[in-house]
Structure formats: structure tokens, C-alpha cells
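Shown below, as C-alpha cells, is a lone chain in the form predicted alone; questions about how it binds or moves come after it.
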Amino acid sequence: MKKGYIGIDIGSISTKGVVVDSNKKIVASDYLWTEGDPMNAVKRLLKSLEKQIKGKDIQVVGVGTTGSARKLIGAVTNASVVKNEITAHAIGTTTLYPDVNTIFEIGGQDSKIIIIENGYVVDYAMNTLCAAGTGSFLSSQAHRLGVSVEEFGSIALTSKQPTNIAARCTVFAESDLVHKAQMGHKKEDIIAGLCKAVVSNYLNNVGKGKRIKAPIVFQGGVSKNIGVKKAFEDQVGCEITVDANGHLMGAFGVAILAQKSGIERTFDFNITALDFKTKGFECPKCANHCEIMCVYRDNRLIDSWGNKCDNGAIRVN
């Protein structure tokens, strides 16, 4: 039986997962909405992955988690590795593109830039509060303009004169979009202008002060938007690579890290039938007032975190 490794990248908007074999080949994958419930999202993801590898003679022996809910899902899945998104995306990308120097990543609610030298991360940055350069922003504007987000990129490419859209923040961009539409700007020009605005926002905020060098790989859900890809190429002046599995790169990277960890234990997909609950509280034992999070499986404590000192340490059963 061949060994397999699961990688899970779970964020506030979407949950991504892959199963890779010992040759780092993706043999199963899925991308679904988190819907504000990361544990149930992961249960749905695992059911999908289990169905895809059924009959392929694969035994999962390791799990890695990344993303905003990585600690929670790491506890639920008894993960071998729990890593931040920067490390996971860098490992996944350099595995497929060893010569990459710059990684652009734009997801549903966040974006990041990773600078690579000789295969190692030397610099990075992430967006903070503004969502003007993310997938959720593009989705809301597509809805406002009456087009599907899937059509957004192809419509943008038909524009001959993109409209200038204020890109400083979501509020300014939305009000400027309405104003330009009322002035009579064509829909395709407004859409192309939005793609350009997303790129300007990204480069002037997330990419500010960074040494951007080719080869460049663009990933995350927004990388599927060919209008945004073209806008990036116009502004940085070189061709940009978008991998077919670019939206899965964090999950792919953390699956590889699970394999490299050497920690192997048979993974039981039946955890999807178990009952997981979380409970948070503020520790009153010192001036830190740490927010402690506890995770329970069938009413048994399996993990906790958040304490900054031993006063808040909780003994796992």
C-alpha cells in the first residue's frame, strides 16, 4: 500500500485540501467554502478526499495544517505539522518552481508577498486591515456590476481603455466605481479598471519596498482571474506564472512538510463522525488575562492554547 499525506489550508473564506503520494504528486484535492464553521468545513473536506482516494491503494500516514484555523484543525486531525501560511506557500511553490524569486498570493480576505532567494524565504509581507485587493472585494464588485466573478477576467481583457478606479480602500473603490458608472464609463472598462486597482493596491501596500524579481508565481483564488494576471504583468513588466493548482499551494506545501517531518501514524477518516467542540475563556490568574482556547473531542479535552505563562496551562486528559 502506498503512503499518502494530507495537507489542509483553512481560512475564513475557503478551505483547501490535498492528498499527495510519496512522490509529491497530488492524487486528490478539493476547494470549498468555510462558511464560518472551520470544523464542519474540514469534515466535509475529509469526506471528499476519502472518496477520491478510495480504491487507489493509498494509506494516509501524515497530516499537515496551515491557514488561520491551523491550530484548531491541527488538534482535530492530530496533525504531524502545523505551519504558518508563509512557510506552507513557499514550500509548495519552490517544490514546483525551484527558480522562483517572488510569490504573489491573493486569497479571499488576505494577500501576501514572499521573496525567495536560492530556495529560501528572505522577506515577506501580508495585508493588514484593507480588503480592497482581495477576492471578496472582487466578488462583491462583480455582483454590483451584475456579472459573475468567473466572467470578470475575460470581460476585463476586452477593454481598450480601463477606467481609473481609486484603490486606496474598499469604501473609496466602491464609491468611485458607482461614480464612474454614473458618468457613463463602459462596463468592461470599469471591470478592467478594478483589476488594475487590485494590482495597484497590492503593489503599493503589500509589495511596498519589496525587491520584486522574476520569475514570479501568482497564486491564490484571485490568480484564476486572467484580468488581474494581465494587470500584474502590465505593471511589473514581465510574464507571470499561474499554476493550475495555485489555489491549493498552501495545502500542497503543508502536505509536503508533513511528509518531511518523518512523523507517521495511520490517519482514520472516521474522525468525521466524532463530535468536536471548542470553549474559550479569559484566564484570571495574572495580569496577562490570556484568552485560552480548549478543544474537546467527544467531551474529552484534547488540546489547548493561548496561555503566555504556566498560570494558564491546562493539562490535557
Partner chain sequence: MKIGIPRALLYYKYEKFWTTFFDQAGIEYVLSPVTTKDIVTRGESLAIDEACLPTKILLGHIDWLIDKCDYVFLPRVEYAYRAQMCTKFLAQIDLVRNTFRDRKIQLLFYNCFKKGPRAEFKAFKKMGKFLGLKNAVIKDAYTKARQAQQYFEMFRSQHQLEVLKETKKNKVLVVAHAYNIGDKFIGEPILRTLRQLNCEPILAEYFDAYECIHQAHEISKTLPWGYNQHLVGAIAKYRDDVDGIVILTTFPCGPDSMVNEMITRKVKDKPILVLTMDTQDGTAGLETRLESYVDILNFKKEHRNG
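What we label the rigid core is the largest C-alpha set whose atoms superpose within 1.5 Å from one form to the other. Numbering follows the first chain given and starts at 1. Model, not experiment: these values are computed from the prediction.
One more form of this protein, predicted in complex with its partner chain, exists but is not displayed; see below.
K.L.:
Assess the spot marked by K16, T34 and G262: is its partner chain within 4.5 Å of a heavy atom from every one of these residues in the model of the complex?
P.N.:
Verified in the model of the complex; spot residues all out of contact, no.
K.L.:
Within 4.5 Å, heavy atoms only, one stretch in 222-230, 203-211, 153-161, 135-143 touches its partner chain in the model of the complex. Which?
P.N.:
Answer to the contact question: 203-211.
K.L.:
Quick check on this chain: which one of S148, S175, N118, Q182 has a heavy atom within 4.5 Å of its partner chain in the model of the complex?
P.N.:
Of S148, S175, N118, Q182, the residue with a heavy atom within 4.5 Å of its partner chain in the model of the complex is N118.
K.L.:
In the model of the complex, does N127 have a heavy atom within 4.5 Å of its partner chain?
P.N.:
Yes - in the model of the complex, heavy atoms of N127 and its partner chain come within 4.5 Å of each other.
K.L.:
Flag K83 as yes or no: does it have a non-hydrogen atom within 4.5 angstroms of any non-hydrogen atom of its partner chain in the model of the complex?
P.N.:
Contact check for K83: yes, within 4.5 Å of its partner chain in the model of the complex.
K.L.:
Do N270 and its partner chain come within 4.5 Å of each other in the model of the complex, heavy atoms counted?
P.N.:
Answer no; every heavy atom of N270 is more than 4.5 Å from its partner chain in the model of the complex.
K.L.:
Does I91 make contact with its partner chain in the model of the complex, using a 4.5 Å heavy atom cut-off?
P.N.:
Contact check for I91: yes, within 4.5 Å of its partner chain in the model of the complex.
K.L.:
Which residues from 289-305 come close to its partner chain in the model of the complex, meaning a heavy atom within 4.5 Å?
P.N.:
Stretch hits, in order: H289, E291.
K.L.:
Superposing on the rigid core, does the Cα of I53 end up 2 Å or more away between the shown form and the other one?
P.N.:
It does not reach a 2 Å shift.
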